[in-house]
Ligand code: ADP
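In the block that follows, a single chain appears as structure tokens, in the form predicted on its own.
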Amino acid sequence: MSMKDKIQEKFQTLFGDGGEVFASAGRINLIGEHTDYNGGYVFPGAIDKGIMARIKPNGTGKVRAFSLDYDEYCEFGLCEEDKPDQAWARYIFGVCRETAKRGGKVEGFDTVFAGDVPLGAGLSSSAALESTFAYALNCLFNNNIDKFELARIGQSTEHNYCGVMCGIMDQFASIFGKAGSLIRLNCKTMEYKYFPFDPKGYKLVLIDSCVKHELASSAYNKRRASCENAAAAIRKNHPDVECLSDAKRVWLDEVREEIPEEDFLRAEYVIGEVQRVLDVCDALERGDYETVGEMMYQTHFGLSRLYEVSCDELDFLVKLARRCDVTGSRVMGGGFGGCTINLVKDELYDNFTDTAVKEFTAKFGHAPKLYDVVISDGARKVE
């Protein structure tokens, strides 16, 4: 039975007939890691795994929600003091509250939802959930909130109701995603452009190390502080540098003796990564996937050696990819665990994935998980 049919069956049992179906997507980021909070470019796309929900206004001031994945029911009101206890329900509650704060109409509704985004793999299941409901409420109550603001509703939900001070990339990709295209987003100006991503003869596969080194907030905050420190040093010589993405590499060299070596290395990675995103965009417009792949390997080297957010398991997988002639491979996401993203020629796919599972299991004592991904549409109504 399809996910849509399972949702429909449960919805009828709990709430009867009717309702409309909405969906949104998880995301990958091909390149552009740790650039968002430095005002740089990211290059995400929506994927063919996401969240789907059947929703029907119920004429009350209550939301009655059932999560198929957690097999759990929750009912809550729409006022600030009605915040539910269940973590998953807070995402829906937060979207309702953030929509209302923006002047949108929100009334009670019934919903059943489910997802097929692998949890904990760095594919932003939470952004998919937020985007599904932000888009749905906008349609159901004719709020005419623009797509940028729908993405910000999701981001504000994370900040204000889930305790995660995330950037805008995940929600942006979930709302704006388009099949066959990646999106270059300038995190400073919010300008964006679609680029074709149709790698005929290649597959995109994620290999999940199943390692959950917590992205310790202290480690993340330390790197962020390093970047801000380097940018401040450069700004003394070049006042127009608002954030690190504005800086040129030669300007960083000018202040090398004035900042700690650690700050220099973090900034060296970020400035290089901003340029790599632009190089990948140029390569895609030429259909040059070999250059795309080489840039992915360069990003991994930077994340591992300069930014120091990799780990043994991820470094092992990337080295193995290089050995198996994989076109491109790197750690995806914040680091300290999670997935590698790999661009693999069709004829090398079976050997690479078989070898990765066998050798990783032998070395680390547990098998990795594999997820093939296709670049797909973001938030939408499902007919």
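Don't overthink the numbering: it's just position in the shown sequence, from 1. None of the values given here were measured: they were computed from a predicted structure.
Omitted here: the form predicted together with the ligand. The next part is about that form.
Contact with the ligand in the predicted bound form, defined as a heavy atom within 4.5 Å, is made by none of S226, L244 and V250. Interface residue among M165, M190, A87, C79 relative to the ligand in the predicted bound form, by the heavy atom within 4.5 Å criterion: A87. A single residue from the set G120, G272, G108, G180 has any heavy atom within 4.5 angstroms of the ligand in the predicted bound form; that residue is G120. The closest heavy atom approach of I259 to the ligand in the predicted bound form falls outside 4.5 Å. A residue is said to contact a partner when one of its heavy atoms sits within 4.5 Å of a partner heavy atom; S126 meets this definition for the ligand in the predicted bound form. In the predicted bound form, G293 stays away from the ligand, with no heavy atom inside 4.5 Å. The closest non-hydrogen atom of F172 lies beyond 4.5 Å of the ligand in the predicted bound form. Comment: 88-96 is the region of 88-96, 149-157, 226-234, 303-311 lying near the ligand in the predicted bound form, near meaning a non-hydrogen atom within 4.5 Å.
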